[in-house]
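Presented below, as structure tokens, is a lone chain in the form predicted on its own.
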């Protein structure tokens, strides 16, 4: 299984170099090929782990008796890695149809090798972070994902794109300082870079270490007060937005928080309190910011901020001893990735065929673009947590765990009431736009839509299926 893990990391990184060296006419196929190889490695790793459930850590780079990098194979890493490489492959496939001169929103005639190079490097870096057993590995790949996102957000090269990319790199690099401090602090106090060394700290030392970890996690996952980079990142090509918001950039923060809580043993309750309070504040902020949005991608960006808050809340609840909350967090990381990835790619398909992302100009999608219309419905229903879509199961687990903890913790009970109100509000607002956009007679923009490329329709179809079955993939490992 170690070889499959290394394949998930190294094959897309190798591909990121090769696509810069081969003729441009072969770049898209090469991007698909190397991302597919990474997916196969991730799938085989998941199958192998599902068969024996043998969690282990393997040291791979040790100098002077100090482990600098290693691989951790367990339920959390295997599931999130599968999500990272699967969606990465789908994004590379979708981009075959999206990144061309026929795109009515942003015709693309140059820069394809650079796009695929950084996208593949992004996939490999995400796998490296997810599978790393050391804080040094987390830190290295944390910064690598920042480099990739900076380049991809600024892909179009205009002033707005460059400014948005600068916002992203500055805020996430500032957040990275927290992880630098935590890594150095753990090494000074334990003599080890292993994530599991967090368990050797006393309570006060854990509070200091987790303070840095939370700062890094909040920045990468666009939580208050380090969130402004994410809505600005919507200037990127939609496949980039989908990968940033579904499987990669924003999932780094919640993954690091989940991994460190899992490895640290008893985490001081104050970390759970701070995490839960900040999660609910960010959740409410994200919901309030729904209202002024007419740009579909901007609305989805604030939805991402709110949905990530559910994951932070669940991980914080697990610090109180709730295994259900942690399982809910893992499930939501996985389920949200496919639903939000689908939603962004639906937005990209609409922009590609109509030239606009304005919600007020989109009506009657289902009658003119049936695959995209069904994709919109599936994504919206999963995001708001409606059965039988997978988002329902993970959101239900989180809310149930929250009220179980809140039965003995008044602060958590208050926060869960607010969370429930936000959930209902989000349900109403997202489904309101779904009703406006999907049904009825086509608006002028939809009526004049150009044909949707086959690669886009195929990827949307696969993700529709995943919004229905992703939770069962999680259940196979959690049961």
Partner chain sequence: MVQQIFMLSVFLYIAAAFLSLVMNRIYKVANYISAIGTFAAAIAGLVSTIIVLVQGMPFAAEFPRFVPFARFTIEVDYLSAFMILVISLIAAVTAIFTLTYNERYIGKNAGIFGFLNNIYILSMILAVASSNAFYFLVFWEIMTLASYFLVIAKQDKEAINSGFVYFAVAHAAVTLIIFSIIVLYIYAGSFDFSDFRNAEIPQATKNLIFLLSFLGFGIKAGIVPFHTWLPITYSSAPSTVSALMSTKVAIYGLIRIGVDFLGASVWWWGLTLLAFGAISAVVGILYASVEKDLNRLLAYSSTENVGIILMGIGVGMIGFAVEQPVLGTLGMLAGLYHMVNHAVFKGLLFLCTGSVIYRVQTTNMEEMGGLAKRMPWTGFAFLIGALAISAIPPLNGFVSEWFLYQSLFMAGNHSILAVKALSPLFAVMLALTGAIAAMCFVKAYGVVFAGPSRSEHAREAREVPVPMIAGMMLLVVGILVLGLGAPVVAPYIGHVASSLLNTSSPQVSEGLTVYPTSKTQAMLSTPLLFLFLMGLLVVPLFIVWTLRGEKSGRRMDSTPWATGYAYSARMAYSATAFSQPLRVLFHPVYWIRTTLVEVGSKIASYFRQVVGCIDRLESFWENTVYGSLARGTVLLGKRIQDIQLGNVRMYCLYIIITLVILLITTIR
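Just so it is clear, the model here is predicted, and its values are computed rather than measured. Positions refer to the first chain, counted from 1.
Not pictured, yet referred to below: the form predicted in complex with its partner chain.
**Student:** Consider residue 207 of the chain shown here, and say whether it contacts its partner chain in the predicted bound form, taking contact as heavy atoms within 4.5 Å.
**Tutor:** Residue 207 lies outside the contact set for its partner chain.
**Student:** Report yes if any heavy atom of residue 428 sits within 4.5 Å of a heavy atom of its partner chain in the predicted bound form; otherwise report no.
**Tutor:** Looking in the predicted bound form, residue contacts with its partner chain include residue 428, since a heavy atom lies within 4.5 Å.
**Student:** Do residue 56 and its partner chain come within 4.5 Å of each other in the predicted bound form, heavy atoms counted?
**Tutor:** Output for residue 56 is no: heavy atoms all beyond 4.5 Å of its partner chain.
**Student:** Is residue 389 part of the interface with its partner chain in the predicted bound form - any heavy atom within 4.5 Å?
**Tutor:** Within the cut-off, so yes.
**Student:** With its partner chain left out of view, which of 424, 447, 454, 50 would have a heavy atom within 4.5 Å of it in the predicted bound form?
**Tutor:** Only one listed residue qualifies here, and that residue is 424.
**Student:** So its partner chain isn't shown here. In the predicted bound form, which residue out of 195, 171, 372, 283 has a non-hydrogen atom within 4.5 Å of it?
**Tutor:** Spelling it out, the residue with a heavy atom inside the cut-off is 171.
**Student:** Have a look at 335-343, 289-297, 88-96, 313-321 and name the one stretch with heavy atoms inside 4.5 Å of its partner chain in the predicted bound form.
**Tutor:** Contact-bearing stretch, as computed: 289-297.
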